[in-house]
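We begin with a single chain expressed as structure tokens, specifically the form predicted alone.
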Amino acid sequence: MTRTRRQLLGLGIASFLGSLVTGTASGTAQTAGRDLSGRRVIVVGAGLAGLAAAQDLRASGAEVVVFEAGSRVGGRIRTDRSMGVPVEHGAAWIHGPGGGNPISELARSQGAPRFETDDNSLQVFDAAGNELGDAAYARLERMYDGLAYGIETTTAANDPRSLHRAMADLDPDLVDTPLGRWMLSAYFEFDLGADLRQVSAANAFEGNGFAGNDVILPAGYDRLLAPFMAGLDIRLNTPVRRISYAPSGANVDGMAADFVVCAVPLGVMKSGAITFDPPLPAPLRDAVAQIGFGTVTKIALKFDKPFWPTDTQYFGMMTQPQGRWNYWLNYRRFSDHNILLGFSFGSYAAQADRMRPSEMTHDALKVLRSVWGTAVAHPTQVLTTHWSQDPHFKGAYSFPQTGGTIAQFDRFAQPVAGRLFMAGEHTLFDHHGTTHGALLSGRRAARAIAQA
């Protein structure tokens, strides 16, 4: 392939940073110059957005209390080491690690090892388990490159079509052939975190991002959280039920505060688990309803010995239904552990999330055996994710849904009654669905409070 997935998804890519990126590599002291001594701020949610806001506010003198519904911090950064090597339940890549990306700067400041994943190191197998020939790979590349230009030039700002419909209109082979369907799922449903029938054609590829090929952190993504946790009053297992706000102040489940930062996932907002008193303004309620929130499902399988080519980074399988364990990451490229990490996307991801681990394992092994047959032994360890079924998340990350607008993401930047502030990857369009988006949104909320 000639481009990475994220490079295509950022058709208008630019490192514009502006006022969003004003922090140090450690992620602290973003509100310097504003003394918040004597002010109490309650932060709801101990994911990266909430922690970033809390740390910046604490550095400015505020009394900060963080309420977290779950039993751990980090939100959708969740690293598991039970297999002897870090395996990421959630965030796994630094997307666009080039200049200005605050997550990349944070990793660099901590000396965290980085490994650039190579999208070109890819083997794709058809439904019969045969690897594609040179002609099929060339066709895949032509389809991919044609899509980059075609979608950009054939969709308008008010285009009502779904991305699936727009791609079908552009090139029927994209939706009518196994090769096209695999590409749409493994590349686009992966990055967007949703079935393409739900994604807005007009807005899917808008916005800006950071440049560079994606990298992973072999020592674990959670290592980046340490500077954001230091010195904070974090109260775990404390779900919030009601947030009240008025021009005179705010209250969270009986605790008074001067300001509140709501940094819970969009899925939790959609579920109505938190009551806002008074209700959020209508434009914000519309944004909560009309911004999409999807899921991606993972399964990590560890084996005694590899049965796959250990020098290949990714494996693709043309499975049915679409999105069923059709993309696999080979851990042997950056570790000594015989682990394959499989992904399900689109509508199948939601189905996989509802499976028991044993069911998911059986399902994933059938896919691997369609390629490598009896060489596929039973795994010695299994790890599965179920983001859409977790009541503290209700999904993986946001996406531009059909019927929604870019402006709805950015409405979250406006304070409510001067007391309630929003943060999270879903609150700024240009960087939605990323850890750097979450971090930038937390810093933005802290600055807005300092300026209030």
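Here the structure is a predicted model, which is why all the values come from computation and not from measurement. When you see a residue number, it is the position in the sequence shown, counting from 1.
The discussion below concerns the form predicted together with a small molecule, not included here.
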{"query": "The small molecule: the contacting residue among Pro102, Gly75, Gly316, Gly342 in the predicted complex [heavy atom, 4.5 Å]", "finding": "Gly75"}
{"query": "Distance check, Met167 to the small molecule in the predicted complex, heavy atom within 4.5 Å", "finding": "no"}
{"query": "Heavy atom of Val296 within 4.5 Å of the small molecule in the predicted complex", "finding": "yes"}
{"query": "Heavy atom of Pro239 within 4.5 Å of the small molecule in the predicted complex", "finding": "yes"}
{"query": "Proximity of His392 to the small molecule in the predicted complex, heavy atoms at 4.5 Å", "finding": "yes"}
{"query": "Stretch from 403-411, 55-63, 420-428, 34-42 whose residues place a heavy atom within 4.5 Å of the small molecule in the predicted complex", "finding": "420-428"}
